[in-house]
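Here we start with a single chain on its own, the form predicted alone, put down as structure tokens.
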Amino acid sequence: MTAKVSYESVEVGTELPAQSFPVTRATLVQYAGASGDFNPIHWNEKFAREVGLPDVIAHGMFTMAEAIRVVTDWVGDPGAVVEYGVRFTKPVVVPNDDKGVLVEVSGKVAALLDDNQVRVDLTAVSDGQKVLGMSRAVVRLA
């Protein structure tokens, strides 16, 4: 695969298409199975509350992975992501119902770099709270 977006077609401030990602308890169980992370804070409400959390929370790495999808969908090639990092600022609290919660992610080009690379800053919000801070990706464009 190669990047579908050309370096010449973007500028600082170019906005990526925003996306919303639903997260339910079933999603967390599936992720736990795939990742091997069966920490009970991600599936056991009683345990999560006993350790001081408001409820079951999503895996941080799951939230991080969902957020970068905004970039990989935009650029068209997951291999174009050269660097990616975040700070986990607030947990994604997942209620025990059929709706779950949404993680809403937006992004924009924050810097034009050398070698056809750009830095994309992402914003991830759930239930009105920013859940990832300093969420940045360096992406090599066509």
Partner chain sequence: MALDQSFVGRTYPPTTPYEVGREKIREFAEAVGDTNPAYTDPQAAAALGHADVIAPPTFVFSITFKAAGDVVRDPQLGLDYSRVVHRDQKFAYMRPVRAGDRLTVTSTIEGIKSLAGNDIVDVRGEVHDEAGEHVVTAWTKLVARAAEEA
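A quick note: this is a predicted structure, and the numbers were derived from the prediction, not measured. Positions refer to the first chain, counted from 1.
The same protein also has a form predicted in complex with the partner chain, omitted here; what follows describes it.
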*Evaluate Arg87 for contact with the partner chain in the predicted bound form, applying a 4.5 angstroms cut-off between non-hydrogen atoms, and reply yes or no.*
yes
| message | in the predicted bound form, is there a heavy atom of the partner chain that lies within 4.5 Å of any heavy atom of Asp115, even though the partner is absent here? | response | no
**OP:** Please check if Ile68 has a heavy atom lying within 4.5 Å of any heavy atom of the partner chain in the predicted bound form.
**Re:** yes
task: Answer with yes or no whether Ala111 is in contact with the partner chain in the predicted bound form, where contact means some heavy atom within 4.5 Å.
output: no
In sequence order, the residues of 41 to 79 that place a heavy atom within 4.5 Å of the partner chain in the predicted bound form are Val51, Met61, Phe62, Met64, Ala65, Glu66, Ile68, Arg69, Thr72, Asp73, Gly76, Asp77, Pro78, Gly79
